[in-house]
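Only one chain is given next, in structure tokens, and it is the form predicted on its own.
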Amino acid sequence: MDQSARNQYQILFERMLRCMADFEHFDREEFVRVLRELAALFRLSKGVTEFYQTVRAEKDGEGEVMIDYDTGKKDHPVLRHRILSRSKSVIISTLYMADDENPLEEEEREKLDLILRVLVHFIARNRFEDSVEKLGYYDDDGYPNTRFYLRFLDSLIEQGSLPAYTAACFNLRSFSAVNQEFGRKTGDLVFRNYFDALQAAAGDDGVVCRMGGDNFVMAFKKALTEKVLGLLSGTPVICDPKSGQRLLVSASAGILNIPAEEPAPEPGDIMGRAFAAMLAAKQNKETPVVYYDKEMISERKKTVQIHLLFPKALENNEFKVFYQPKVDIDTGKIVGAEALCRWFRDGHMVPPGEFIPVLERTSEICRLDFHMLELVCRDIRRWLDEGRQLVRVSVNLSRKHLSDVDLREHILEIVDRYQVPHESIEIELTETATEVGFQSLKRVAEELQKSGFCISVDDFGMGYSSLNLIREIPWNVLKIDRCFLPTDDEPEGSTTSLMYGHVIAMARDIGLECISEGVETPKQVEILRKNQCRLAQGFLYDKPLAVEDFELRLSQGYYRKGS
């Protein structure tokens, strides 16, 4: 290697190092030019870089192969370096020389070896950074995740531009039905196309990130709010590129107009507020979009307080069981009762609507259900010991129980501990809104019925495939939701009246016991009698009663006939 080549090598090597050291303003074009000049200086014909996520992937040849430089001449390898990282990723760089070129001199080989070692480590560092970025900030399907979102919000805080943005959290509506009807592959395509449409609406200054499942978070300039909300409310998305077939995709969304607070709200708090609004949107049947406001802040504080108070309230026996009678409308006789939960704290009753929905969002509702079952069994045991008349008592179980594979054993442990006859307990299960929930509901109902419990379906007509529900699941009792019961001012031939009559007739024909909820007027009793539904529950007879009042009512035995 002559002095002129050494000088050129020194200049090119320094240029290469300067490019590599300038992390913030890396000039890729200059870097490529330097590498090409170095390749020409050492008479190289080709340079190849391989990247593998694991050693197994390397053995299987499943990785990325990049040809960095190629003259197209017939060649052979002259230098090769392989790096195995701590995370077991592999980078291999190989240099080739044309067969008709003079072989490398010893000095040339040493200098080229140094260049290759430096290059491999530089490439390795960049590729490993890319891998860390991908693993840490993207999910398995390639969508940016919540870490990406929180980092984006952090950058807005640093720039002082956070108040110019709106945050959104949304859940795709009934998207599982798309997968069921069209298949997972089509579902994934629709999913991706909808995501891309939202990202396009958010623009280069905004982000869309996946929280998991069908849940997403967004951040976008406030000026784009109307455009984004239009897509969230419903947008046609291509599901078949060949035919151009489209599906309407919509979402339940929570919106937070990020306030100009001092200090700026934390990224996690921003996401939490938007998520709280999204939960409210999912429960709101009138509008799919809910804005986070002062009222929601108050509700959120109440929610937090309920979760904090619940364990101690359970320990202090603040939850009481109230019994609402079930009545035979022909005889006025009390034939059963529904056990309902009431919470008394500091001498005041907390309305069920304030704490039941909150507890139902977590497994805490299951603890409350088991507590109520225990209170009912304790009362029944006492009634048996006192020689009182027994009626069947129904106890509600939340849908949360459906994922408990040992639910039957948990119920049996409580009931058998008090030596309560199984037939004196009725388990009320609520319809579910999904196919998966339907199968779990079927399993639970069959197991409990085999154990001698009476099983009833609550709020019939409000959930998933109601007719399929009573065809496949072995119910004993059908509780007709109050929405099916005609009001006093409805004409006899109304849709509600016709549906009510057909539901009662169908249940009676297949051998189910029927009871109507929400009976409040004598005219409604006549509607029940006309449709041969003998059992009623509602304020016309009694509101839910404290145990002492219920025992008094039970000792009287009946209400006035036809009242």
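Only a predicted model underlies this, so the values are computations on that prediction, with no experimental measurement involved. For every residue, the number given is its place in the sequence shown, counted from 1.
Not on display, but discussed next: the form predicted together with a small molecule.
- With the partner left out here, the small molecule still marks one of 363 to 371, 211 to 219, 164 to 172, 292 to 300 in the model of the complex; by a 4.5 Å heavy atom cut-off that stretch is 363 to 371.
- For the residues Thr235, Ser176, Asn396, Ser424, the 4.5 Å heavy atom test against the small molecule in the model of the complex is passed only by Asn396.
- The single contact residue among Ser89, Thr225, Gln324, Thr146, judged by any heavy atom lying within 4.5 Å of the small molecule in the model of the complex, is Gln324.
- Residue contact with the small molecule in the model of the complex: Arg482 places a heavy atom within 4.5 Å of it.
- Although the partner is absent here, Pro352 lies within 4.5 Å of the small molecule in the model of the complex, judged by heavy atoms.
- Using a 4.5 angstroms threshold between heavy atoms, Glu50 stays clear of the small molecule in the model of the complex.
- Contact check for Glu428: a non-hydrogen atom falls within 4.5 Å of the small molecule in the model of the complex.
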